[in-house]
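Only one chain is shown below, in C-alpha coordinates, and it's the form predicted on its own.
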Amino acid sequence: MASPVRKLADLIAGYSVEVRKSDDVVIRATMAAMPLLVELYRAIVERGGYPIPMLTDELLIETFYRYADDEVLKHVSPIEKFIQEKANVMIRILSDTHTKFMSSIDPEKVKIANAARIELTKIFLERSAKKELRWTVAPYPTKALAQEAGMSFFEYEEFVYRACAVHLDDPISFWKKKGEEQKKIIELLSKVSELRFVAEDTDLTVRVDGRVWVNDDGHENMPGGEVFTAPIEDSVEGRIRFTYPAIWRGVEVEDVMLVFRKGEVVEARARRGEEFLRRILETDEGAKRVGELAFGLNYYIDKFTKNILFDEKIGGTIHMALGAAYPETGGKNVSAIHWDMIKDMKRGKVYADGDLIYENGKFVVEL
(Lines give C-alpha, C1' and ligand atoms only; values in the text may rest on other atoms or scores of the structure.)
Protein backbone atom coordinates (compact mmCIF):
# COMPACT_ATOMS: atom_id res chain seq x y z
CA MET A 1 0.00 0.00 0.00
CA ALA A 2 1.28 3.44 -0.93
CA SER A 3 2.36 5.73 1.92
CA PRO A 4 0.26 8.84 2.71
CA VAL A 5 3.09 11.04 1.42
CA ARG A 6 3.18 9.23 -1.93
CA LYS A 7 -0.62 9.35 -2.21
CA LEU A 8 -0.60 13.07 -1.39
CA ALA A 9 2.00 13.73 -4.10
CA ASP A 10 -0.04 11.80 -6.66
CA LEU A 11 -3.19 13.64 -5.58
CA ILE A 12 -1.50 17.03 -5.99
CA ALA A 13 0.16 16.27 -9.34
CA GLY A 14 -2.58 14.13 -10.84
CA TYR A 15 -5.69 15.90 -9.55
CA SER A 16 -5.07 19.31 -7.94
CA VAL A 17 -2.92 20.82 -10.71
CA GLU A 18 -3.17 18.03 -13.33
CA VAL A 19 0.46 18.20 -14.45
CA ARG A 20 0.78 17.85 -18.24
CA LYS A 21 3.62 17.08 -20.60
CA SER A 22 6.17 19.94 -20.84
CA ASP A 23 4.65 21.91 -17.93
CA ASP A 24 7.11 24.07 -16.01
CA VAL A 25 6.15 23.34 -12.41
CA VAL A 26 7.42 25.72 -9.70
CA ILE A 27 7.46 24.17 -6.22
CA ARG A 28 7.90 26.42 -3.18
CA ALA A 29 8.63 24.74 0.14
CA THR A 30 11.00 24.55 3.07
CA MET A 31 13.62 21.84 3.40
CA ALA A 32 11.41 20.19 6.02
CA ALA A 33 9.12 19.01 3.22
CA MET A 34 11.86 17.02 1.43
CA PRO A 35 10.02 13.65 1.64
CA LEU A 36 7.03 15.20 -0.15
CA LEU A 37 9.30 17.07 -2.59
CA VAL A 38 10.93 13.80 -3.64
CA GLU A 39 7.56 12.20 -4.27
CA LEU A 40 6.34 15.30 -6.12
CA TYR A 41 9.43 15.19 -8.35
CA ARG A 42 8.58 11.60 -9.22
CA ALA A 43 4.91 12.35 -9.83
CA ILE A 44 5.67 15.43 -11.98
CA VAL A 45 8.38 13.76 -14.06
CA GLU A 46 6.23 10.66 -14.62
CA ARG A 47 3.60 12.96 -16.13
CA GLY A 48 6.09 14.66 -18.42
CA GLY A 49 6.45 17.87 -16.40
CA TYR A 50 9.59 19.74 -15.44
CA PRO A 51 9.92 20.48 -11.69
CA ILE A 52 11.56 23.76 -10.61
CA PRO A 53 12.24 23.82 -6.84
CA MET A 54 12.34 27.11 -4.93
CA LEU A 55 13.35 26.23 -1.38
CA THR A 56 13.35 28.74 1.42
CA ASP A 57 13.49 29.07 5.20
CA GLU A 58 11.75 31.37 7.66
CA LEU A 59 15.14 32.67 8.80
CA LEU A 60 15.80 34.04 5.30
CA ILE A 61 12.45 35.83 5.22
CA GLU A 62 13.01 37.30 8.69
CA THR A 63 16.49 38.45 7.64
CA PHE A 64 15.04 40.23 4.62
CA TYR A 65 12.50 42.23 6.65
CA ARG A 66 14.93 42.93 9.49
CA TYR A 67 17.67 44.46 7.34
CA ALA A 68 15.97 45.72 4.16
CA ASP A 69 15.59 49.48 3.79
CA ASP A 70 12.63 51.05 1.99
CA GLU A 71 14.34 50.86 -1.41
CA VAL A 72 14.92 47.13 -1.07
CA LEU A 73 11.42 46.55 0.33
CA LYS A 74 9.92 48.28 -2.71
CA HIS A 75 12.05 46.42 -5.24
CA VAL A 76 10.25 43.85 -7.38
CA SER A 77 12.68 41.60 -9.17
CA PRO A 78 12.08 41.07 -12.90
CA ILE A 79 12.90 37.42 -12.20
CA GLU A 80 9.95 37.21 -9.78
CA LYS A 81 7.76 38.83 -12.41
CA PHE A 82 8.97 36.45 -15.12
CA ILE A 83 8.07 33.44 -12.97
CA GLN A 84 4.59 34.82 -12.33
CA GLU A 85 4.11 35.41 -16.06
CA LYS A 86 5.55 32.17 -17.45
CA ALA A 87 5.11 29.24 -15.04
CA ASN A 88 2.44 26.73 -16.11
CA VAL A 89 1.96 25.35 -12.62
CA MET A 90 2.77 26.61 -9.11
CA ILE A 91 2.72 24.34 -6.08
CA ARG A 92 3.24 25.82 -2.64
CA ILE A 93 3.86 23.39 0.19
CA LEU A 94 3.08 24.71 3.65
CA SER A 95 5.82 23.17 5.74
CA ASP A 96 6.71 25.80 8.33
CA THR A 97 9.50 25.12 10.79
CA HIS A 98 8.84 28.33 12.74
CA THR A 99 5.39 29.90 12.94
CA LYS A 100 6.20 33.15 14.79
CA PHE A 101 9.15 34.34 12.72
CA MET A 102 7.40 37.61 11.74
CA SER A 103 6.20 38.53 15.21
CA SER A 104 8.97 41.07 15.87
CA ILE A 105 8.98 42.64 12.38
CA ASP A 106 7.69 46.22 12.05
CA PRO A 107 4.23 46.03 10.37
CA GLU A 108 5.15 49.13 8.35
CA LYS A 109 7.86 47.12 6.57
CA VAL A 110 5.36 44.41 5.72
CA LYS A 111 2.95 47.06 4.44
CA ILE A 112 5.61 48.58 2.15
CA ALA A 113 6.64 45.22 0.70
CA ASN A 114 3.00 44.13 0.18
CA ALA A 115 2.14 47.37 -1.60
CA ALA A 116 5.14 47.00 -3.93
CA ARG A 117 4.10 43.49 -4.91
CA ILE A 118 0.53 44.29 -5.86
CA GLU A 119 1.55 43.94 -9.52
CA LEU A 120 2.67 40.35 -8.91
CA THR A 121 -0.59 39.58 -7.11
CA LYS A 122 -2.55 40.99 -10.03
CA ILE A 123 -0.63 38.91 -12.58
CA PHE A 124 -1.15 35.77 -10.51
CA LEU A 125 -4.90 36.32 -10.09
CA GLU A 126 -5.48 37.26 -13.72
CA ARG A 127 -3.58 34.25 -15.09
CA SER A 128 -5.41 31.98 -12.67
CA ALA A 129 -8.79 33.38 -13.73
CA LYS A 130 -7.91 32.82 -17.41
CA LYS A 131 -6.80 29.25 -16.62
CA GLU A 132 -3.32 30.09 -17.91
CA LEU A 133 -1.86 29.17 -14.53
CA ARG A 134 -2.76 26.09 -12.52
CA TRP A 135 -1.80 26.27 -8.87
CA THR A 136 -2.36 24.74 -5.51
CA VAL A 137 -1.38 25.15 -1.88
CA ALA A 138 -0.92 21.88 -0.01
CA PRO A 139 0.37 20.86 3.42
CA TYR A 140 3.22 18.79 4.76
CA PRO A 141 3.11 18.07 8.51
CA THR A 142 5.96 19.51 10.56
CA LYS A 143 6.61 19.62 14.29
CA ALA A 144 6.19 23.42 14.31
CA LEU A 145 2.77 23.21 12.68
CA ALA A 146 1.74 20.41 15.04
CA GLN A 147 2.80 22.49 18.03
CA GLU A 148 0.94 25.52 16.67
CA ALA A 149 -2.20 23.39 16.30
CA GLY A 150 -1.86 22.11 19.87
CA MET A 151 -1.41 18.52 18.74
CA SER A 152 1.24 15.86 19.06
CA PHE A 153 3.16 15.27 15.84
CA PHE A 154 1.53 11.89 15.22
CA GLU A 155 -1.92 13.32 15.87
CA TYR A 156 -1.22 16.20 13.50
CA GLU A 157 0.03 13.85 10.77
CA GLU A 158 -3.20 11.91 10.97
CA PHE A 159 -5.21 15.15 10.93
CA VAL A 160 -3.43 16.45 7.80
CA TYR A 161 -3.79 13.25 5.81
CA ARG A 162 -7.40 12.81 6.86
CA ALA A 163 -8.23 16.42 5.87
CA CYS A 164 -6.79 15.66 2.41
CA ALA A 165 -8.64 12.30 2.31
CA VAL A 166 -5.42 10.39 1.59
CA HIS A 167 -6.39 8.00 4.38
CA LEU A 168 -8.91 6.63 1.87
CA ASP A 169 -8.10 4.04 -0.79
CA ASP A 170 -9.11 6.39 -3.61
CA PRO A 171 -8.76 10.06 -2.59
CA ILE A 172 -9.30 11.32 -6.14
CA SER A 173 -12.77 9.72 -6.26
CA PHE A 174 -13.56 11.32 -2.90
CA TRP A 175 -12.69 14.79 -4.18
CA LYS A 176 -14.67 14.32 -7.38
CA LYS A 177 -17.74 13.37 -5.32
CA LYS A 178 -17.14 16.29 -2.95
CA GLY A 179 -17.03 18.59 -5.94
CA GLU A 180 -20.45 17.38 -7.10
CA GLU A 181 -21.95 17.95 -3.64
CA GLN A 182 -20.58 21.49 -3.51
CA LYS A 183 -21.80 22.15 -7.05
CA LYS A 184 -25.37 21.73 -5.76
CA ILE A 185 -24.73 24.30 -3.04
CA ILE A 186 -23.42 26.69 -5.67
CA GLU A 187 -26.58 26.17 -7.76
CA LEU A 188 -28.60 27.30 -4.72
CA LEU A 189 -26.41 30.29 -3.89
CA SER A 190 -26.22 31.46 -7.50
CA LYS A 191 -29.94 32.30 -7.37
CA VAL A 192 -29.52 34.52 -4.28
CA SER A 193 -29.32 38.32 -4.26
CA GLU A 194 -28.74 39.01 -0.55
CA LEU A 195 -27.28 36.94 2.27
CA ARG A 196 -27.71 37.75 5.93
CA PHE A 197 -25.50 36.19 8.60
CA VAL A 198 -26.81 36.12 12.17
CA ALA A 199 -24.88 34.78 15.15
CA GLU A 200 -23.35 35.95 18.43
CA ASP A 201 -22.18 39.58 18.02
CA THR A 202 -22.90 39.28 14.31
CA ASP A 203 -25.59 40.67 12.04
CA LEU A 204 -24.17 41.21 8.57
CA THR A 205 -25.78 41.52 5.15
CA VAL A 206 -24.06 41.30 1.78
CA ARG A 207 -25.25 41.33 -1.80
CA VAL A 208 -23.96 38.68 -4.18
CA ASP A 209 -26.31 39.01 -7.16
CA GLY A 210 -24.40 38.77 -10.41
CA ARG A 211 -21.32 37.33 -8.73
CA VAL A 212 -19.89 33.89 -9.47
CA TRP A 213 -19.59 31.21 -6.78
CA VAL A 214 -16.47 29.06 -7.09
CA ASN A 215 -16.19 25.41 -6.13
CA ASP A 216 -13.02 24.66 -4.13
CA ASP A 217 -12.98 20.91 -4.57
CA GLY A 218 -9.29 20.27 -3.96
CA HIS A 219 -7.74 21.83 -7.04
CA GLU A 220 -6.40 25.23 -5.98
CA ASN A 221 -6.21 24.16 -2.35
CA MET A 222 -5.53 20.73 -0.92
CA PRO A 223 -7.43 20.10 1.21
CA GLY A 224 -10.43 21.69 -0.48
CA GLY A 225 -13.91 21.97 0.96
CA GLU A 226 -15.42 25.42 0.48
CA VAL A 227 -17.51 27.48 -1.89
CA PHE A 228 -16.69 31.15 -2.24
CA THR A 229 -17.50 34.36 -4.07
CA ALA A 230 -16.87 38.09 -3.80
CA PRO A 231 -19.65 40.31 -2.45
CA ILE A 232 -20.61 43.48 -4.29
CA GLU A 233 -17.99 45.90 -3.04
CA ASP A 234 -20.22 48.56 -1.45
CA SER A 235 -22.91 46.17 -0.18
CA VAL A 236 -21.42 44.86 3.08
CA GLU A 237 -23.37 46.29 6.02
CA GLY A 238 -23.38 45.51 9.72
CA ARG A 239 -21.03 43.89 12.17
CA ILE A 240 -19.22 40.59 12.51
CA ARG A 241 -17.13 39.10 15.28
CA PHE A 242 -14.68 36.42 14.26
CA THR A 243 -14.44 33.35 16.47
CA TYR A 244 -10.85 32.41 15.82
CA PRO A 245 -7.62 34.43 15.75
CA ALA A 246 -6.98 36.14 12.43
CA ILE A 247 -3.40 35.36 11.41
CA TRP A 248 -1.39 37.38 8.91
CA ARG A 249 2.20 36.39 8.14
CA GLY A 250 2.53 34.66 11.49
CA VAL A 251 1.07 37.52 13.55
CA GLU A 252 -2.08 36.64 15.52
CA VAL A 253 -4.90 39.12 16.04
CA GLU A 254 -7.45 37.81 18.52
CA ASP A 255 -11.17 38.48 18.88
CA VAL A 256 -11.55 40.67 15.79
CA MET A 257 -14.72 42.76 15.51
CA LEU A 258 -15.37 44.64 12.28
CA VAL A 259 -18.15 47.11 11.52
CA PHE A 260 -18.97 47.84 7.87
CA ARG A 261 -20.75 50.73 6.23
CA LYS A 262 -21.26 50.80 2.46
CA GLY A 263 -18.78 47.99 2.10
CA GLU A 264 -15.93 49.57 4.03
CA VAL A 265 -14.54 48.83 7.49
CA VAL A 266 -15.43 51.87 9.61
CA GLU A 267 -14.55 50.31 12.96
CA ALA A 268 -11.99 47.63 13.78
CA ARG A 269 -11.34 46.24 17.24
CA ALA A 270 -9.37 43.32 18.61
CA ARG A 271 -8.58 42.04 22.09
CA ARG A 272 -4.98 41.44 21.04
CA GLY A 273 -3.09 42.86 18.07
CA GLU A 274 -5.43 45.78 17.39
CA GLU A 275 -2.61 48.11 16.31
CA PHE A 276 -1.34 45.53 13.82
CA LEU A 277 -4.87 45.05 12.48
CA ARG A 278 -5.30 48.75 11.87
CA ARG A 279 -1.89 49.06 10.22
CA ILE A 280 -2.63 46.27 7.75
CA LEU A 281 -6.04 47.82 7.01
CA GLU A 282 -4.14 50.90 5.86
CA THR A 283 -2.08 48.93 3.32
CA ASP A 284 -4.12 50.38 0.46
CA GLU A 285 -7.66 51.45 -0.39
CA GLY A 286 -8.85 47.91 -1.04
CA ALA A 287 -7.62 46.52 2.29
CA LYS A 288 -10.74 47.81 4.09
CA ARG A 289 -13.15 46.04 1.75
CA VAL A 290 -14.20 42.40 1.47
CA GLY A 291 -12.71 40.45 -1.41
CA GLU A 292 -14.06 37.03 -0.51
CA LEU A 293 -17.02 35.42 1.25
CA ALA A 294 -17.09 31.65 1.78
CA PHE A 295 -18.68 28.65 3.47
CA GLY A 296 -16.39 26.00 5.03
CA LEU A 297 -17.63 22.51 4.11
CA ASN A 298 -14.86 20.02 4.92
CA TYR A 299 -16.23 18.11 7.88
CA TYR A 300 -13.02 16.06 8.16
CA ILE A 301 -11.56 19.31 9.47
CA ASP A 302 -13.02 19.76 12.93
CA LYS A 303 -10.23 21.55 14.81
CA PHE A 304 -8.75 25.04 14.60
CA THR A 305 -5.07 24.71 13.76
CA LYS A 306 -3.92 28.33 13.23
CA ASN A 307 -3.26 27.34 9.61
CA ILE A 308 -5.62 29.04 7.16
CA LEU A 309 -5.27 26.24 4.62
CA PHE A 310 -7.28 24.03 6.99
CA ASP A 311 -9.14 26.53 9.12
CA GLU A 312 -11.02 28.28 6.30
CA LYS A 313 -12.51 24.89 5.35
CA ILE A 314 -13.67 23.86 8.85
CA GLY A 315 -17.11 22.32 8.42
CA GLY A 316 -19.72 24.66 9.88
CA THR A 317 -17.88 27.95 9.44
CA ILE A 318 -17.90 30.96 7.19
CA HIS A 319 -14.98 33.20 6.39
CA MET A 320 -14.38 36.57 4.84
CA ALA A 321 -11.18 37.93 3.37
CA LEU A 322 -10.25 41.58 3.49
CA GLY A 323 -8.47 42.74 0.37
CA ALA A 324 -8.02 41.29 -3.11
CA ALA A 325 -10.91 39.53 -4.80
CA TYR A 326 -10.41 36.56 -7.08
CA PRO A 327 -11.27 37.85 -10.57
CA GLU A 328 -13.13 34.65 -11.51
CA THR A 329 -15.81 35.56 -8.94
CA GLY A 330 -16.53 38.85 -10.67
CA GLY A 331 -15.09 40.73 -7.71
CA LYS A 332 -13.44 44.05 -8.48
CA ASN A 333 -11.62 44.79 -5.23
CA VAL A 334 -7.87 45.24 -5.69
CA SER A 335 -5.38 45.10 -2.83
CA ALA A 336 -1.93 43.82 -1.95
CA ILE A 337 -3.47 41.78 0.89
CA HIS A 338 -5.94 38.91 1.10
CA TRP A 339 -6.54 38.28 4.80
CA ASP A 340 -8.98 35.49 5.70
CA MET A 341 -10.93 35.69 8.96
CA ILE A 342 -13.09 32.81 10.22
CA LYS A 343 -16.34 32.62 12.15
CA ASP A 344 -17.89 29.48 13.64
CA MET A 345 -21.55 29.25 12.58
CA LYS A 346 -22.54 26.12 14.51
CA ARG A 347 -24.87 28.35 16.51
CA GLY A 348 -25.62 30.70 13.66
CA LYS A 349 -28.10 31.15 10.84
CA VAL A 350 -27.89 32.33 7.25
CA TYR A 351 -30.83 33.81 5.36
CA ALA A 352 -31.01 34.04 1.58
CA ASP A 353 -33.35 36.80 0.41
CA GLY A 354 -35.12 36.42 3.75
CA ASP A 355 -35.42 32.60 3.75
CA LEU A 356 -33.47 30.41 6.19
CA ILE A 357 -31.04 28.21 4.24
CA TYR A 358 -28.34 27.39 6.78
CA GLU A 359 -28.45 26.68 10.50
CA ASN A 360 -26.07 25.27 13.10
CA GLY A 361 -23.26 24.76 10.63
CA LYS A 362 -25.11 23.08 7.76
CA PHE A 363 -27.40 23.89 4.86
CA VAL A 364 -30.97 23.02 5.83
CA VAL A 365 -32.66 23.21 2.42
CA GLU A 366 -32.94 20.33 -0.01
CA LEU A 367 -30.14 20.48 -2.54
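Numbers for residues come from their place in the sequence shown, where the first is 1. Predicted model only: the values in this text are computed from it and were never measured.
Keep in mind the form predicted together with another copy of the chain is missing from the figure; the text below concerns it.
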Seminar exercise, completed: Checking 177, 239, 167, 86 against another copy of the chain in the predicted complex, the residue with a non-hydrogen atom inside 4.5 angstroms turns out to be 86
Exercise. Using a 4.5 Å cut on heavy atoms, which of 320, 37, 301, 325 is close to another copy of the chain in the predicted complex?
Worked result: 37
Exercise. Would another copy of the chain in the predicted complex be within 4.5 angstroms of a non-hydrogen atom of every residue among 46, 53 and 117?
Worked result: yes
Problem set entry | Per-stretch contact check against another copy of the chain in the predicted complex, the hit in 69 to 77, 201 to 209, 222 to 230, 266 to 274 (non-hydrogen atom, 4.5 angstroms) | 69 to 77
Exercise. Would residue 332 sit within 4.5 Å of another copy of the chain in the predicted complex, counting heavy atoms only?
Worked result: no
Problem set entry | Any non-hydrogen atom of residue 309 within 4.5 angstroms of another copy of the chain in the predicted complex | no
For this session: Could you confirm whether residue 24 comes within 4.5 Å of another copy of the chain in the predicted complex, counting heavy atoms only?
Result: yes
Exercise. Using 4.5 Å between non-hydrogen atoms, is residue 154 touching another copy of the chain in the predicted complex?
Worked result: no
